[in-house]
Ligand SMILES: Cc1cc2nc3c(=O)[nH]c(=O)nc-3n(C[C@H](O)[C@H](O)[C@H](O)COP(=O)(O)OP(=O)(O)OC[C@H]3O[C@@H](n4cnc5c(N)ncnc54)[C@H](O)[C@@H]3O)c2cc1C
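A lone chain, given as structure tokens: the form predicted on its own.
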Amino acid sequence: MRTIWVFGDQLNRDIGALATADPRHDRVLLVESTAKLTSKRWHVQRAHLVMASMRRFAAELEQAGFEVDHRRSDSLETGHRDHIAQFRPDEVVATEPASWDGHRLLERCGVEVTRSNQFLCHYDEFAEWADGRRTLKMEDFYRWQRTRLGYLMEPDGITPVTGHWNYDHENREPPPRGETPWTSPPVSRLDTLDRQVLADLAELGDSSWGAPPDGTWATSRRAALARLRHFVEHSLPIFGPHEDAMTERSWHLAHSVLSPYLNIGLLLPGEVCDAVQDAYEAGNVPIASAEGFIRQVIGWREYVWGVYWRWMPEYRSANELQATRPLLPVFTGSGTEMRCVSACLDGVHDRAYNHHIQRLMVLGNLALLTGVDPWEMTEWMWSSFIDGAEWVMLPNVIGMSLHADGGRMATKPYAAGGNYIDTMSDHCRDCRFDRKQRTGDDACPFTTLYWDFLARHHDRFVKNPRMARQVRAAERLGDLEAVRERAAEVLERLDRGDL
């Protein structure tokens, strides 16, 4: 009998080796690794999501007639070895893992690997697209994806519907004043399985943190599909305009919050995009919202997946800006008077979630401006977010947030002062800091650090066409010396954890 080894982010009958599995000839192996669970201080909701989803998936497979060996082991490798000793399968096969280290593991174990279909663009296909290009622009990749996959395209297959490729200019509105038009996502009731998972996690000691699960995150395919339907019906029609907005009135706005299910296999990108396409064609969703969301899935998400595989494993150690500051205490619970940062970190604590602008322009921006070590920030985001994975976080942190790859992924650093945060959020209104001030005790730390960042990296960014104007503006500041002195004070206080 053959064994199919399924990892905790491949929980779908239609993925890879499981797609053709037959319970008469195939046994399924699932391993809960203690080494993995204790390798980082995971957010408890992240650890619960994976463990509960694995256990529910094992039960679904058993109901479908499969013999399932779902075991807890010291490590994945130990679980595989013990399975072999107990069952002596004719062979062991697995779907390609989503990590570089996962591939090395399967090589060491001598496991046959089946090509993954968990993404719409395999990394081999991405490499073919990328070969010979001087720069790997996401917009170019996105248009190629639209054309080859057929989403939001005219019948000729080469023209986008409405004649426009994107609607970014319509999808950058700040939060609406006085309105809360966003419908809360469904929640699930915790059951005996959930409670057992939490008890098992508690046995591991101080290996997790954050608020316990409250049913926000689905842990079965059935519940994930219900959340997809809810998003398409209730949130997608108003998704576009405020997709970059931040507000204390809603943690989710009109975001899909489907990324954790995509990342562990409970949903597949094709079925998600098909649902959006169908809603658009039925006239239920405006083009700006449909296009903005499909861009996130077949554009950005798959682009990040492709560059991860193209640049690994060296990409882990990229640090072009020579950022060496340890992870700031604010990220691990010291608290802060910066209202925007506090709101984002409250969201991480309570739900293991922030949307992309909160991650990039608040938390990532803070790490960039202060010079936090890229790998430390990557590991924190990887372990803290409900949709965390190495392939997700490495390009997003190393490439986008911290510009640690020197511009291979983004042509400029996404650095910003308090003005951007004020424009796109309602945080600044009641914050004790003044986003217009660069110096003094009441100056917004983001504003101070932004100008200090430009001064610190003057020689590098004055040559960058997308940054030169801001760098020259920093040169002309009459109070630049005072700004830099204030920045030193801000950094010292952030290091102490009392700002």
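Numbers follow the displayed sequence, beginning with 1. Since the model is a prediction, treat every value here as computed from it, not as a measurement.
Omitted here: the form predicted together with this ligand. The next part is about that form.
Screening Gly347, Pro97, Gly210, Gly388 for any heavy atom within 4.5 Å of this ligand in the predicted complex leaves a single hit, Gly388.
Contact with this ligand in the predicted complex, defined as a heavy atom within 4.5 Å, holds for exactly one of Ala415, Leu360, Ala279, Leu198, namely Leu360. Exactly one of the stretches 157-165, 89-97, 144-152, 299-307 approaches this ligand in the predicted complex with heavy atoms within 4.5 Å, and it is 299-307. With a 4.5 Å cutoff on heavy atoms, His255 counts as touching this ligand in the predicted complex. Heavy atoms of Arg351 never reach within 4.5 Å of this ligand in the predicted complex, leaving it off the interface. Although the partner is absent from this view, His355 contacts this ligand in the predicted complex, with a non-hydrogen atom inside 4.5 angstroms. Of the heavy atoms in Ser401, some are within 4.5 Å of this ligand in the predicted complex. Contacts between stretch 217-253 and this ligand, counted in the predicted complex as any heavy atom lying within 4.5 Å, involve Phe239 alone.
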